[in-house]
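So here's one chain in two forms, each on its own in C-alpha cells, numbered structure 1 and structure 2.
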Structure 1
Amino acid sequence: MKKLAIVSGKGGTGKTSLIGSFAALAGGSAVLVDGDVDAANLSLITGAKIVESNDFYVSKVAAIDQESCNACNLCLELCRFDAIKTGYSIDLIACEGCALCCYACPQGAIKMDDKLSGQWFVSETAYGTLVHARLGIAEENSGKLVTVIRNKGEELALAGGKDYLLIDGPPGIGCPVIASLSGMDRALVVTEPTVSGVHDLKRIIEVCLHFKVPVGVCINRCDLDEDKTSDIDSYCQEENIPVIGKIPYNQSFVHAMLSKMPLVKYDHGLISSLIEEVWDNFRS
C-alpha cells in the first residue's frame, strides 16, 4: 500500500478538489483521510454517508464546587490563562486543562472533568471509505485527532487490501500537518502562482524535507501569473523537486464543486486529463 499526502500550506489552492478527483481515478482502491479536522470538506464532494461516529476525548476542564470554595483567591493568582472568572467559575473557552488550580486548591474544591474535544467518523463514499473528523470549536488542534483518523485509515486500508492511503492535509505548518505528513511515501504540494502561494510553498516544502517525505509540486491556476509560475519552476529546479503538474484556471473547479462531484466525474475535457496525468505521476 502506498501512503500519499496532499498538502498546500495555504488554503484555497484547490487541494481538496484534486484529492476528490484522485479518489475517483483510483476507482475504489484507496482509503481517504481528511486531515483538516478544523474544516473538513472532502465529504462534500464524495457523497459521503456516515456509517460510524466516535466521540474524541483528549482534554480536561476545571470545575469549581461553589459549596467548598472559601474564596481564598489562590486559583485566580495561579492561573496563567485567565480562566477563573469573578464569582469563581471557569471560563470554559480559556481553560487549558492544566489542572494547576485543582492541585493547588487548599479546600479541594476544584475537580477536572473530561471534555468532549471532537468527533470522528467513518463514511462510505462513491469512491471508497473516508475517515474524517470534526474538532470542537475553540479546541486545541494538537494533531492528536489527526493521528487517530490517520491510524484508522491505515488500518482500514490494510484490512481491505487497498493500494493507496490518500490524506488531505490541513493548512499551515504546525502539528496537524506534521501528523499528516510523517511516514508518508510521497507528498504532493498544491500551490498557486501568487506571492502568498510561493511564500507558503517554501515553508511547507521545508517541513516535508525535514520529515524526509519525497515531494512533488502541482501548480494550480498556473496562468494567473506567468512570472510567479516560472519563479516556482526555478525554485523547484534549484531544490531538485519535480513539478509534476500545471493546471490552468478553469471554472469547472467551481462547477464540479457546486454539483458536489469530483472534477474528473464532472468534466471530461482538458482539465480532467491534466489531473489524470498528475495522479499517474504522483502514485507511480
Structure 2
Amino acid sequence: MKKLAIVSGKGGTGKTSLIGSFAALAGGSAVLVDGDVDAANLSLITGAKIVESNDFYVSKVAAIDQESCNACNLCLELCRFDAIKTGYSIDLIACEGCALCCYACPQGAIKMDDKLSGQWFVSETAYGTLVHARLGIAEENSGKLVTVIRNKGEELALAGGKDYLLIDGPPGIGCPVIASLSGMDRALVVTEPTVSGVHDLKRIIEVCLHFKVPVGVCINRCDLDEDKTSDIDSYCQEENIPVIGKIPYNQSFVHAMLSKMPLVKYDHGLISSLIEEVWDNFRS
C-alpha cells in the first residue's frame, strides 16, 4: 500500500478537487482521509454517507465540587483567564484547561473533566471509504485529531487490501500538516502562480524535506501568471524537485464541485486528461 499526501502551503490551491479526482481514478482501490479537520470538505465532492460516528475528547475543563469548596477565593485570585465566577462556577468558554486551579485548591475541590473537542466519521463514497472529522469551534489539538483519523484510515486500508491511502492535508505548515505528512511515501504539493503561492510553496517543501518525504509539485491555474509559473519552475529545478503537472484555469472545477462530483467524472475533456497525467506521475 502506498501512502500519498496532497498538501499546500496555503488554502484554496485546489488540492481537494485534485484528490477527489485521484480517488475516482483509483477505481475503489484507495481509502481517503480528509486531514483538514478545521474545514473538512472532501465529502462534498464524493457524495459521502456517514456509517460511523465517534466523539473526540482531548481538551480538559475545570469543574468545582460545591460541597467540598470552602470559598477560600484562591482559585479566583489565581485564574488569569477569569474563568471562575462569583459563586464558584466555571465559565466553560473562558476556561483554557490549564489546571492551575486544580493543583492549587487546598480542598481538592476542583477536578479536570474531559471536554468534547469534536467528532470523527467513517463514510462510504462511490470512490472508496472516507475518514473525516469536524473539530469543535475554537478547539485546539487538531494535530491529534488528524492522527486519529489517519490511523483509522490506514487501518481500514490495510484491512481492505487497498493499494493507496490518500490524505488530503490541511493548508499551512503547522501541527496538523506534520501529522498528515509524517511517514508518507510521497507528497504532492499543489500550488498556484501567485506571490503568496510561491512563498508558501517554499515553506511546505521545506517541511516535506525535513521529514524526508519525497515531494512533487503540481501548478494549478498555471496560466494566471506565466512569470510566477516560471519562478516556480526555476525554484523546483534548483531544488531538484519534479514538477509533475500543470493545470490551466478552468471553470469546470467550479461546476464539478456544485454538482458534487470529482472533475474527472464531470468533464472528460483536456483538464481531466491533465489530472490523469498528474495522478499517474504521482502514484508511480
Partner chain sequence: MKLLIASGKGGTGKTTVAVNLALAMAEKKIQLLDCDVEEPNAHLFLNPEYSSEVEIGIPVPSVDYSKCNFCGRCAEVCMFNALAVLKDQVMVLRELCHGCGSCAYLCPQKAIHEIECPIGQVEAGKAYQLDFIHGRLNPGEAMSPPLINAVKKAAAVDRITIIDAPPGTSCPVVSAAAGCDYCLLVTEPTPFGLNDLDLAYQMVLKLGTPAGVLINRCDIGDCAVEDYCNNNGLPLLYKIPWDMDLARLYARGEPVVLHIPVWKDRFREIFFHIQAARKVAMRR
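Bear in mind the structure is a predicted one, so any value in this text is a computation, not a measurement. The term rigid core refers to the maximal set of C-alpha atoms that superpose within 1.5 Å between the two forms. Quick note, the numbers are simply positions in structure 1, starting from 1.
Structure 2 is taken from the form predicted alone, while structure 1 is not.
After fitting the larger rigid piece on its C-alpha atoms, the remaining smaller piece is found rotated by 20 degrees between structures 1 and 2.
The Cα position of Asp91 changes by 3.8 Å between structures 1 and 2 once both are aligned on the rigid core. A C-alpha shift of 5.5 Å is found for Gln66 between structures 1 and 2, based on superposition of the rigid core.
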